[in-house]
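We begin with a single chain expressed as structure tokens, specifically the form predicted alone.
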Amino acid sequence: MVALSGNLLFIAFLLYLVGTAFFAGSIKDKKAREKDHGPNKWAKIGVAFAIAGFICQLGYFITRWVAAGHAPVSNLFEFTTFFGMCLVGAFIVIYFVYKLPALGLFTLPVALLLIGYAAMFPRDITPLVPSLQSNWLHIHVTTAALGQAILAISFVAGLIYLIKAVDHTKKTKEAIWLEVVLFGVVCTLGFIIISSVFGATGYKSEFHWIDNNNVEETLEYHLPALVGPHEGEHLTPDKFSPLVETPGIINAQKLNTVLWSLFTGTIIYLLFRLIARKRITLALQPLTKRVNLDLVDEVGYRSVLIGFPVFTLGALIFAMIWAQIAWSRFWGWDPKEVWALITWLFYAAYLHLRLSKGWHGKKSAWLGVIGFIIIMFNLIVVNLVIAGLHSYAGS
């Protein structure tokens, strides 16, 4: 059953990849209906592949649930793949409402990166820790992920809007910051590549250390250690020794992964600039040529309007109920809880500025992009680097 679920996830990945190619073909098709910017035959095939991939990934989710005996959202691999599945599901629904091929061209690669990112973490099914042995696991985590996925559509819409609307021939603040955002996406790709390369070589470096709870642990590094654990003992001196030690509050192993991702992403970005002789935004701009900016702006707004209450329900209300059951308190200022609150406050501000202050167009698009950065910071940095009660999610 576990092997079947893994195969279904791999098939879904391939189908999303093919779907992306067809959406790219739909953008370049000269016979596309430019008047209403609607779908052509390429886009129809692309969305068919997206639906087929979604069905396969749903099959992966169900079969892994059966094999594990609980909803497969208890660690970073499971949660991120579920997040990617929800993102594709949200895209499919919105696509049939707005018929916007460019949305598929930019959404499916994000889903591919999420699945690829998730695959770099342990995929074994492990018993749930006591605090996770509750039906609220299914309710809280799945609802929160669904809300974040719907909100993420506003990022894709905002990205499309800004790529087309911003003048990338000049080094304005908007152009530079948008390039920085895309550099972050490249760093995610860098993480996948560098982890795959060292994973294929079987690289392993071990450290002995005592965590914040005075429990002795052995840390395994699968990338050369640029940073080591606080007062840790290097057990494999034949491997690369860390340059610095981190404070106890920082998860050195995960911070090391982030640093390698930045390093590899920088190399990939510089190679792209060297070969293409242009910024990423300029390379992508032709793909948004026929996009209706007003329609994209509406897609971004509607996704927040729908995703915000879903996120509120899952990430705050259900989370507080579960926290009361698991830890006998509704709120404890755990890093994950704090960033969930920050995310909620940000999107509340988004709706306020949109409805009361008339923030449309570029302003609204930038808010959609920034909101997704906050979500990804919560998923990556808070889960991986900062120690807290939710640290099990990074395993």
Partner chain sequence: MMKQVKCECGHVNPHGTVLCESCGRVLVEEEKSKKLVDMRYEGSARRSQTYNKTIIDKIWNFFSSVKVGVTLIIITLAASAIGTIFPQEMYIPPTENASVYYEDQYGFAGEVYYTLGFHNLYSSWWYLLLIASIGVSLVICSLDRVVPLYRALKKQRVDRHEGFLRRQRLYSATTLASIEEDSFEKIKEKLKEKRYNIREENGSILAEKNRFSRWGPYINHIGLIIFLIGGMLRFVPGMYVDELLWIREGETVVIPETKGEYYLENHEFILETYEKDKESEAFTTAIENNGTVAKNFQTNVSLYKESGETIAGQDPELEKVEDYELRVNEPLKFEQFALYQQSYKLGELSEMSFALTNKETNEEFGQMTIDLHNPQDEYTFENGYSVELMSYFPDFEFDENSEPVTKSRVPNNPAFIFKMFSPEHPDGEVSFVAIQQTIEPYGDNDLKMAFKGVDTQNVSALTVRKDLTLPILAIGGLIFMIGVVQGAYWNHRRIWIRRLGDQVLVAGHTNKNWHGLKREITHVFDGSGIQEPIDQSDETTNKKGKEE
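Rigid core (definition): largest C-alpha set, two forms, superposition within 1.5 Å. Residue numbers count along the first chain shown, from 1. These numbers come from a predicted model, not from an experiment.
We do not show the form predicted together with its partner chain, though everything after this point is about it.
Only one of 215, 243, 97, 271 has a non-hydrogen atom within 4.5 angstroms of its partner chain in the model of the complex; which is it? Of the candidates 215, 243, 97, 271, 97 is the one lying within 4.5 Å of its partner chain in the model of the complex.
Please identify the residue among 326, 55, 62, 48 with any heavy atom within 4.5 Å of its partner chain in the model of the complex. Checking each option against its partner chain in the model of the complex, the one that comes within 4.5 Å is 326.
Triple contact flag 249, 298 and 308 to its partner chain in the model of the complex, non-hydrogen atom at 4.5 angstroms: Answer is yes for this spot.
Is residue 366 a contact residue for its partner chain in the model of the complex, using a 4.5 Å heavy atom cut-off? It does not: once its partner chain is placed as it appears in the model of the complex, residue 366 has no heavy atom within 4.5 Å of it.
Since only the chain is shown here, I'm wondering whether residue 352 would be in contact with its partner chain in the model of the complex (any heavy atom pair within 4.5 Å). Output for residue 352 is yes: heavy atoms within 4.5 Å of its partner chain.
Quick check on residue 302: any heavy atom within 4.5 Å of its partner chain in the model of the complex? Yes - in the model of the complex, heavy atoms of residue 302 and its partner chain come within 4.5 Å of each other.
Test of understanding: in the model of the complex, would residue 207 fall inside 4.5 Å of its partner chain by heavy atoms? Output for residue 207 is no: heavy atoms all beyond 4.5 Å of its partner chain.
Thinking of its partner chain in the model of the complex, which stretch from 283-291, 120-128, 230-238, 81-89 has heavy atoms inside 4.5 Å of it? Single hit among the candidates: 120-128.
Heavy atom contacts to its partner chain in the model of the complex at 4.5 Å, residues of 166-186 in sequence order: Read in sequence order, no residue approaches its partner chain (within 4.5 Å, in the model of the complex).
Superposing on the rigid core, is the Cα displacement of residue 294 between this form and the one not shown 2 Å or more? Where the cores coincide, residue 294 shows only a C-alpha shift between this form and the one not shown that is less than 2 Å.
Examine residue 220 after superposing the rigid core and state whether its CA is displaced by 2 Å or more between this form and the one not shown. Residue 220 C-alpha, core-superposed: shift of 2 Å or more.
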